[in-house]
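Take a look at this one chain, the form predicted on its own, written out in structure tokens.
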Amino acid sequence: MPPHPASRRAPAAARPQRLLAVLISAAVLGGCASFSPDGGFAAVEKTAKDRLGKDVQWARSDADQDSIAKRVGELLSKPLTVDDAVQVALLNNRGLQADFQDLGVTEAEVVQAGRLPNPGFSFGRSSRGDEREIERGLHFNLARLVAMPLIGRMEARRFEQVKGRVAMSVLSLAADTRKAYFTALAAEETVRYMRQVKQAADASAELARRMEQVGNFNKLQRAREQSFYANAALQLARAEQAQRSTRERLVRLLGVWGTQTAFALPERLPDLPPSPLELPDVEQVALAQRLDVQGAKQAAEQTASNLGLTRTTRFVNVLELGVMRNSSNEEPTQRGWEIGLELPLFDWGGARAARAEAVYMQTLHRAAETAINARSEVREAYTGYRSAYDIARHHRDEVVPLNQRIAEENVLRYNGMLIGVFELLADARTQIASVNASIEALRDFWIAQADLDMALIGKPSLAAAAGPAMAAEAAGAGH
């Protein structure tokens, strides 16, 4: 017995409704993708707090900017310590604030990837004689719907990578600020000592001039003293230039301008620690906690997922499902559904899969390179730290005390009229030069300390730690 016509029409009419219900459900699920309250900034804050013990603040409003300006003003109102300098840089550096904005950009892309694409609507009108036919269609990209979970997880992993990269920017800025701070502070000390050298040379040259006038000095002796004076003036000019350039580098990292650039630094570098750090398992520690190594591992995992997604969708780029409704002035209205997909006749997706495999292998090699470089960098940083400590301690315990004893003995001989005033002034210049070399050795130690701290948690900038040559030059300049 054939079914009743009404019973055949009912299921046909119900199909579009079920399809519409499925689409609405998918749209609701897609609408669940939303922004996080912190924009991913909590992870960066935690890294700064745990690794540096410092605060970071994302300036997303005028109120945030005012709060930062107030905190920076308080820190700059007193002589700046190295910890305060790092804190000012983390709050006030605009380049770092620009990096924070990457979090917002990436999170927006993650949210966008979690939302359904807009459906398409088509409308057509045709005529045949007196017949008028109107065609309406609603299409939805099923391929995107099927791939949404994979794309969502991929974007979430990319967001985690961006968080790690921004955290690395925080750590790098802190390390660079520490090194710039110690360099600027040592340059100010050097200028003070070079001024003493110049004053001694000036007095020596003036005394030589007067003694030549009374006939107690010949032209050669006076020219030697004048040469000392000219060399001291030249070294002072170089020291003052180094002071200006190193301070400006610190200014740029702090992100200050205008009256804020008049901040004061302490008069001297911190003392050398009683003993150096002993780190026998420095490589293992670095590999366990370095953010760049962790980031390389995450990148390898993400490219593996991307490779799987490419292999899955290599044949299907377009898969559309839609409902249609055709009405005519002479025929009953037609309803139905249609599906469309791309025919892989010319492009089988092999190129996309090959590219994804190449990118995956490239990422694996990058991850291995990062781990190897991390081991080497932390070894170099630690040996540099130990060498800098030994050199600074040698200056503190041997070179400077020895020159002080020589100076004391020369004063006794001068009082006993065994040596002249020029020998005493020459010895004073030598002593000041040794103190200058000691300052630079201490500066190099604190720079090496900053490099080691950075090498344990991220990629350091070891090239900037080349300071011993400058110390030797400065020491030689005083003679």
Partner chain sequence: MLSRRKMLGGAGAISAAVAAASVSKVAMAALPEPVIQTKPDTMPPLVPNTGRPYNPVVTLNGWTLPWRMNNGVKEFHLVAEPVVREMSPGFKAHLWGYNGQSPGPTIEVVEGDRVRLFVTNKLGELTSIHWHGQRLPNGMDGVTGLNQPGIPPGKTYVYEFVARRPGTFMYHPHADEMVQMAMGMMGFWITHPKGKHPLIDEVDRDFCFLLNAYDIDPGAATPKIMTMLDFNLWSWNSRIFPGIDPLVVRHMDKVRIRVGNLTMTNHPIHLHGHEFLITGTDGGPTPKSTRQYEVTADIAVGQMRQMDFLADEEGDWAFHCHKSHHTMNAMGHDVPTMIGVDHRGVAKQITKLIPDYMVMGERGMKDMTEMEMPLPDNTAAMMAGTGPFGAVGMGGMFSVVKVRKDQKRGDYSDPGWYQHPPGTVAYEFTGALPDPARFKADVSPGPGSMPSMAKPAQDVEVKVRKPAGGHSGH
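What you see is a predicted model; the values in this text were computed from it and never measured. Positions refer to the first chain, counted from 1.
The protein also exists as the form predicted together with the partner chain; that form is not presented, and the subsequent description refers to it.
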For Q362, is any heavy atom within 4.5 Å of the partner chain in the predicted bound form, or not?
no
According to a 4.5 angstroms non-hydrogen atom cut-off, is P37 in contact with the partner chain in the predicted bound form?
no
Taking any heavy atom pair closer than or equal to 4.5 Å as contact, tell me whether A200 reaches the partner chain in the predicted bound form.
yes
Does Q65 reach the partner chain in the predicted bound form, with heavy atoms at most 4.5 Å apart?
no
Using heavy atoms only and a 4.5 Å cut-off, decide whether all three of N415, G420 and L425 touch the partner chain in the predicted bound form.
yes
Exactly one residue in S245, N216, S376, S387 has a non-hydrogen atom within 4.5 Å of the partner chain in the predicted bound form; which is it?
N216
Only one of M211, V111, A356, M168 comes within 4.5 Å of the partner chain in the predicted bound form by heavy atoms, so just point that one out.
M211
Given a 4.5 Å cut-off on heavy atoms, tell me which of 56-64, 406-414, 438-446, 42-50 is the interface stretch with the partner chain in the predicted bound form.
406-414
